[in-house]
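One chain is shown next in structure tokens, namely the form predicted alone.
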């Protein structure tokens, strides 16, 4: 009886019936391949979704840009030359509205703007960028006043002035708020105004705007990114 039991133990296991599914685990290398394939598929799906979301965000951004007021102006520069927005077609613009008697906000904004433009000029791969300053105080800011004021900033900063009607039209075209305060005993006054720096692309359309919280370095990085990823926008029909 003992010999019969030992003989049964030595006998190889019977093969599974035909058609039966084996329950043996896959070898380690096969399991690794399956896991890797699953991870790769998941990563590919995630990248595809991220790309679709990025494309959708870009589509919405471009539609929003088309709906923004694109602005226009017809003014005189500090040399007395007539300048219109169309004169700068094909060029990048950084534009700021302010006034030369501004005690602190305008000088700080123009300093940031000037530093950003100067930093971008060091990169020969980038297109040229034209800085512009439009006064909101044409009563005091004539061509001579602009020449004196702009000496302290970037040498290519172009100042623009005009009649009260022309300046109001330019500000309204960019939806810039401006209101002159009461005059003091010396006849001096402050102009309360919005403090945005506008970035316009070569097609003349508004691409971005920057508040007073943006540093010169942040402004530079944003403009650089816009230049490198720029795609022309068709104006609204």
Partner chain sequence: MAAPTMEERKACWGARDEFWQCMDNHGDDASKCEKLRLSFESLCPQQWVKYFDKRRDFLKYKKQLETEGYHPPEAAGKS
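Treat the numbers as computed from the prediction; the structure is a model and nothing was measured. Residue numbers count along the first chain shown, from 1.
The same protein also exists as the form predicted in complex with the partner chain; that form is not shown, yet it is the one meant from here on.
Would you mind picking the one in 178, 190, 199, 169 that has a heavy atom within 4.5 Å of the partner chain in the model of the complex? Here the answer is residue option 190.
Exactly one residue in 120, 105, 93, 74 has a non-hydrogen atom within 4.5 Å of the partner chain in the model of the complex; which is it? Looking at 120, 105, 93, 74 one by one, just 105 meets the 4.5 Å heavy-atom criterion.
So in the model of the complex, does any heavy atom of residue 153 sit within 4.5 Å of the partner chain? Residue 153: yes, in contact with the partner chain in the model of the complex.
I'd like to check something about residue 101: if you look in the model of the complex, is any of its heavy atoms closer than or equal to 4.5 Å to a heavy atom of the partner chain? Because a heavy atom of residue 101 falls inside 4.5 Å of the partner chain in the model of the complex, the answer is yes.
With heavy atoms only and a cut-off of 4.5 Å, decide whether residue 149 touches the partner chain in the model of the complex. Within the cut-off, so yes.
Indicate whether the partner chain has at least one heavy atom within 4.5 Å of a heavy atom of residue 56 in the model of the complex. No, residue 56 sits far enough from the partner chain in the model of the complex that none of its heavy atoms falls within 4.5 Å.
Options 93-101, 80-88, 120-128, 161-169; stretch whose heavy atom lies within 4.5 Å of the partner chain in the model of the complex: Selected stretch: 93-101.
Of 72-92, which residues get within 4.5 Å of the partner chain in the model of the complex if you count heavy atoms? Not one residue comes within 4.5 Å of the partner.
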